[in-house]
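Take a look at this one chain, the form predicted on its own, written out in structure tokens.
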């Protein structure tokens, strides 16, 4: 029996994700996954970690995002686990990847952290980088349009003290999302590499908002 190499495993996983997300919403499609995967590999070059787990988790982190599955937060880890079992990945690796998927999202930060690993820190940073800067702005308005939300409404101020359930069910204008999440991410980065990469993207969002308000007013 020939044991597949890590490269073969990653290729199979990438093909599975690319096929599964072929019709996904533009902010959570294959190209979002590809960017997070690229960010994760970049950070992993500098930070000590298990690179197979990093790549598998980055590729599978949005395989079944709860926001597109009636808020079911276990469908993603379950879908990833079923796929990894189908290609004979060992149970320890599967559990680690599932735990990363389960705990890496922004909404997971509303709960007290019960799982930590270097690999989670790296993949979480990689995903957060894709939520800020020029890409993050594009993704925010893409999702806002997908949900038929207003771009801006001065009569609906940002809610800076949301509960997890309020965050999951919000219908607020997209500009509010900058204050409720995107501008908070720079200070939530885990790795030194992530922090350095986040700073420039954060500054770009601040410049964008300044221009936005100058045009609004």
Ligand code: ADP
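Residue numbers count along the first chain shown, from 1. Every value quoted in this text rests on a predicted model; they were computed, and no experiment measured them.
Although not depicted, the form predicted in complex with adenosine-5'-diphosphate is the subject of the following passage.
**Student:** Want to guess which of 153 to 161, 47 to 55, 178 to 186, 34 to 42 is within 4.5 Å of adenosine-5'-diphosphate in the model of the complex, heavy atoms only?
**Tutor:** This holds for exactly one stretch, 178 to 186.
**Student:** Indicate whether residue 84 is a 4.5 Å heavy atom neighbour of adenosine-5'-diphosphate in the model of the complex.
**Tutor:** No, no contact at 4.5 Å.
**Student:** Given that the partner is absent here, does residue 191 sit within 4.5 Å of adenosine-5'-diphosphate in the model of the complex, heavy atoms only?
**Tutor:** No - in the model of the complex, heavy atoms of residue 191 and adenosine-5'-diphosphate never come within 4.5 Å of each other.
**Student:** Within a 4.5 Å heavy atom cut-off, is residue 131 in contact with adenosine-5'-diphosphate in the model of the complex?
**Tutor:** Yes, residue 131 sits close enough to adenosine-5'-diphosphate in the model of the complex that at least one of its heavy atoms falls within 4.5 Å.
**Student:** Would you check, heavy atoms only and a 4.5 Å threshold, whether residue 115 touches adenosine-5'-diphosphate in the model of the complex?
**Tutor:** Residue-level check for residue 115: no, no contact with adenosine-5'-diphosphate.
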